[in-house]
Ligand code: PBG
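This document opens with one chain alone, in structure tokens, the form predicted on its own.
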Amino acid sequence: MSAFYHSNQRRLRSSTHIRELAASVQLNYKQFIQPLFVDESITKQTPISTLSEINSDTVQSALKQIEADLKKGISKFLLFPVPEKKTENNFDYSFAVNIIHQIKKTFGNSVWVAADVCLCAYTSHGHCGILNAAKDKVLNDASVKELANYALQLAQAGADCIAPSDMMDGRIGAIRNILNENGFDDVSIMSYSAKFSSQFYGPFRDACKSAPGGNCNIHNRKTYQASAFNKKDAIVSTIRDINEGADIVMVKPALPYLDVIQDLHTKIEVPLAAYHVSGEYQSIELLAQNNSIERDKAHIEIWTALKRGGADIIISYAARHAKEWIEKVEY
């Protein structure tokens, strides 16, 4: 008898068939969400220079993009409206409202639309909330009130889900309350509950024209986004958001915070989303363009890691390829 008889794992690796049977992770394209950028200032679909294969859309080109994505098996979208006008108060949400209305009018219940709720694309200073008079502090309560008003308008337009990404304290409870009070108790909330202050958001900020700075005295978002050095903050914030009414919670970025995903997976009972953000996505794209990596296999490997870590839902800029790539996976 071989000394290695009882510990020979290679039998479970010996063919595609047995590797498929032994796999502890199964990817499902139906659990993917595709981000969409719709920009009021453009007149035709425009490539985003720092985000390969991703475009900024007009309302009409967004409808065509969604139609194409449906044919590829993707029916769930995370919408980022990019208004033309920047201001510090008296925000006009009519552009975002119109996008939601047009999408739901065209596609009805064949699509699920989560609408990002934040002020960063609206403000002249690029911060996610309203500033004080000295412009050196984001006012939490005033911001929450404004965000709740925005969320209600999106729900009235037909959004299936509200996705607050601002990281203000108490905004989930405020949004849940205003939705319920106005008859939108069936509209879900997907909270960016563990959103870290990160270097991986650069291409996204280009797309949304939302980099912080400009006409203010605070030039980063460290006072309201979680710190990479304080995992407990992200855990506490997530549990708080669940208690306030979040139906889905999120970790963002994804791979650098896989330990947070794993921890939350063991602590919570609601669905957990991992947002593979723009910088993470673009890192793979640039490697692939340099022939240093196989694009589809690299994205699949990352998605598998996120699932293995405990994510139920994956938000990816490559989501529209998920069905095709998953179906040809070699285990």
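Note that residue numbering follows the sequence shown and begins at 1. Remember, it's a predicted structure, so these values are computed and weren't measured experimentally.
Although not depicted, the form predicted in complex with the named molecule is the subject of the following passage.
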Consider Lys137 of the chain shown here, and say whether it contacts the named molecule in the predicted complex, taking contact as heavy atoms within 4.5 Å.
no
Partner contact for Tyr201 in the predicted complex: the named molecule, 4.5 angstroms, heavy atom
yes
My question is simply whether Arg205 lines the interface with the named molecule in the predicted complex - judged by any non-hydrogen atom within 4.5 Å.
yes
State yes or no: in the predicted complex, is some non-hydrogen atom of Gln34 no more than 4.5 angstroms from a non-hydrogen atom of the named molecule?
no
Answer yes or no: in the predicted complex, does the named molecule come within 4.5 Å of a heavy atom in every one of Phe77, Ala114 and Ser191?
no
Have a look at Val277, Ile66, Leu306, Ile54 for me and say which one sits with a heavy atom within 4.5 Å of the named molecule in the predicted complex.
Val277
Of Ile261, Val144, Cys118, Ala155, which one comes within 4.5 Å of the named molecule in the predicted complex, counting heavy atoms only?
Cys118
Would you mind picking out the stretch of 264-272, 295-303, 23-31, 277-285 that comes within 4.5 angstroms of the named molecule in the predicted complex, counting non-hydrogen atoms?
277-285
If we check the named molecule in the predicted complex, which of the residues in 299-331 reach within 4.5 angstroms of it by a non-hydrogen atom?
Tyr317
